[in-house]
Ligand code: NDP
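This document starts with one chain, in the form predicted alone, laid out as structure tokens.
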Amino acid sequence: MKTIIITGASAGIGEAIARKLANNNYRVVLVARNKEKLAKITDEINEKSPDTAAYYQVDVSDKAEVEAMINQVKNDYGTIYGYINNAGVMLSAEVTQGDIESWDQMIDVNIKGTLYGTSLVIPDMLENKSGHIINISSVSGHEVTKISTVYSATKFAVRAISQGLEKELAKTGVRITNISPGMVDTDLAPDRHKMNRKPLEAEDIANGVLYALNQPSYVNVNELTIRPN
């Protein structure tokens, strides 16, 4: 059973990914800051699929915490096959508002959090000539609105990291996928119900993750953009 770490797994897209993968013969390691939510989701997964899920309370913007978690997962389960960078925050993002604390938090979680985990799992993946990094970006990493400047900048950065890794990991056996969701019906998007069309469900993104993971080893799905119809 392949082991996959999912950050930001206590709700929304991360939770949906964890449940989807556990239902499809993957061992899932849920990572987030909210221990109570993590424990509840993990228990529910294990009730349905025994010994399939575990969790660790981690702040992905703290490199030491991420490193300790990864080392513990390796000790507990051996090889880490997949790492899904889903943890993210979307806060006040207008430069004219000058909310530096929000900018710092988005940079720390969205960019540094992605880099820390990725850099720590890649060496073993390269040695094994197998593995899969999946970064959850956003359509805000393709387009910028007048209220999304800094948030979009962090998601552009996630896409840049993904595109760079495509080249760094070419012909190594390690795959990289960037997934850019549009508006999803989660608490991260408080204005989702103001849309004039139905927002995506978190499971729609989980289906995209499963699709990328389940391709033959010679197929690398580099980019998926998933938008409401």
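It should be emphasised that the depicted structure is a prediction, and the values quoted were computed from it without experimental measurement. Numbers for residues come from their place in the sequence shown, where the first is 1.
The form predicted together with this ligand exists for this protein as well; it is not shown, and the discussion that follows is about that form.
Chemist: Taking this ligand as it sits in the predicted complex, is residue 210 in contact with it (heavy atom to heavy atom, 4.5 Å or less)?
Modeler: No.
Chemist: How about residue 52 - does it come within 4.5 Å of this ligand in the predicted complex, if we only consider non-hydrogen atoms?
Modeler: So residue 52 does not count as contacting this ligand.
Chemist: Taking heavy atoms and a 4.5 Å cut-off, does residue 151 contact this ligand in the predicted complex?
Modeler: Yes.
Chemist: Test of understanding: in the predicted complex, would residue 87 fall inside 4.5 Å of this ligand by heavy atoms?
Modeler: Yes.
Chemist: So which of 203, 67, 59, 166 gets a non-hydrogen atom within 4.5 Å of this ligand in the predicted complex?
Modeler: By the 4.5 Å heavy-atom cutoff, the listed residue in contact is 59.
Chemist: Under a 4.5 angstroms heavy atom criterion, identify the one residue in 174, 45, 161, 184 near this ligand in the predicted complex.
Modeler: For this set of options, the contacting one is 184.
Chemist: Decide yes or no: are 9, 32 and 109 jointly within 4.5 Å of this ligand in the predicted complex, with each residue judged by its heavy atoms?
Modeler: Yes, the whole trio is in contact, each within 4.5 Å by some heavy atom.
Chemist: Name the stretch: of 88-96, 142-150, 73-81, 124-132, exactly one has residues whose heavy atoms fall within 4.5 Å of this ligand in the predicted complex.
Modeler: Contact criterion met by 88-96 only.
Chemist: Within 135-151, which residues come within 4.5 Å of this ligand in the predicted complex, counting heavy atoms only?
Modeler: Those in contact are 136, 137, 138, 151.
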